[in-house]
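For reference, the chain that follows is the form predicted alone, supplied as structure tokens.
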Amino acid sequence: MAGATSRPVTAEQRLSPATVSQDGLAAYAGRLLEAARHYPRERLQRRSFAMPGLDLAVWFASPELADLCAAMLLQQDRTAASPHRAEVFALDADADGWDHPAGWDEHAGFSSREFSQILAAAGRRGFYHHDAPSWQFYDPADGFGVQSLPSGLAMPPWEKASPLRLFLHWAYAQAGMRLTHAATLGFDGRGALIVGASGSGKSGTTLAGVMNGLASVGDDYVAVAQGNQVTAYPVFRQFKQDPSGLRRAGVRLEAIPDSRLNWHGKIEFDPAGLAPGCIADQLEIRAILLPHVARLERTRIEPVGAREAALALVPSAVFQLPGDAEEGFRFFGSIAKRLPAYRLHLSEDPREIADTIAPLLSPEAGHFR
């Protein structure tokens, strides 16, 4: 954990290149991390987030970003500190003494794999967003990160519903857990990971379940731990669904306070406002479900092997979250081997879908010997 004292940012630390390429990437990461360590804390707003298995402290230059994170992160109600901690400085060019983020050298090629390899060789993790140049760097050795934005909320559009997502991913990796791109449904503390490519029906299946008596810990990203059992925890508050999917689930758009479409043509909403109590504190994961929008009269369940389950789970879980890919393949490959998996050929009836899934999660179900 970084314990640097607050002192003024030096002129050398403020000096930032106009562009960065492969040759200067590791040095730029080091410069931003070092400048953040010494940025005057009295100019920032500190927020503490009690996440599952992780205490996260964030220093914000932007009150708006601080409020967004507080609204979107789903914290645990606990008093004991976690043994795993991380600290992040969320800074932007409007902050006194903080430079505008450098751009990527347009004459240099950009490879995500090479980008990650360069940083990994320096013991760091990172991400660059091209459209509105912004950077995220993380030093896993001491759980310290920096986010550098052009302005307080000038982040990639997909991160507004899941802010600090990559820092959580990198911190969880160090804690032996993983942030994973998956949906979930559960009943009485037992649940399933719902995985597959975009458009396969993950969010629709989850919404059908929570609107008809099932619980969830998320429909997009969840934290997963492995031990004697596989456990999933909630991280973000929002669900996402397109208007037609909401209507199929029996949700009136007027029931959602803000029904504007996001960058992906979906509406973001708090499911607890539609189905109070639907978000569980955790779920013991008993199976992997692969939905398929088949529009059948009744949902049909088909057992699938570990290889097919891994092909649905691993690529999305690993490639959407850069850094620690090798460990991610091992982690999710292990889950695919240890849990039974089923393809759900879905009907168009939300209640019937929920009624089909619920018995799979019963302790009496023969599927879970």
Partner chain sequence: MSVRVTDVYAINDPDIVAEDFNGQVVILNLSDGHYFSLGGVASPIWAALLDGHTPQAILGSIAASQPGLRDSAAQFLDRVLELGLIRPREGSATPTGPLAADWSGEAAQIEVFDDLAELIFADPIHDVDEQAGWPAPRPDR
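All figures in this text were calculated on a predicted structure; none of them were measured in a lab. Residue numbers count along the first chain shown, from 1.
In what follows, reference is made to the form predicted together with its partner chain, a form of this protein that is not presented.
Visitor: So its partner chain isn't shown here. In the predicted complex, which residue out of G53, G333, P340, G323 has a non-hydrogen atom within 4.5 Å of it?
Guide: Selected residue: G333.
Visitor: Which residue, E297, E106, D188, D94, has a heavy atom that falls within 4.5 Å of its partner chain in the predicted complex?
Guide: Looking at E297, E106, D188, D94 one by one, just E106 meets the 4.5 Å heavy-atom criterion.
Visitor: Any chance L344 has a heavy atom within 4.5 Å of its partner chain in the predicted complex?
Guide: The answer is no: L344 has no heavy atom within 4.5 Å of its partner chain.
Visitor: So, in the predicted complex, is Q117 in contact with its partner chain at a 4.5 angstroms heavy atom limit?
Guide: Yes, Q117 lies within 4.5 Å of its partner chain in the predicted complex.
Visitor: Is it the case that A61, even though its partner is missing from this view, gets within 4.5 Å of its partner chain in the predicted complex, heavy atoms only?
Guide: Contact with its partner chain, no.
Visitor: Answer yes if any heavy atom of F144 is within 4.5 Å of a heavy atom of its partner chain in the predicted complex; otherwise answer no.
Guide: No, F144 stays farther than 4.5 Å from its partner chain in the predicted complex.
Visitor: Can you pick the stretch from 66-74, 314-322, 41-49, 23-31 whose heavy atoms fall within 4.5 Å of its partner chain in the predicted complex?
Guide: Only one stretch qualifies here: 314-322.
Visitor: At a 4.5 angstroms cut-off on non-hydrogen atoms, which residues of 272-289 are near its partner chain in the predicted complex? List them in order.
Guide: Stretch hits: zero.
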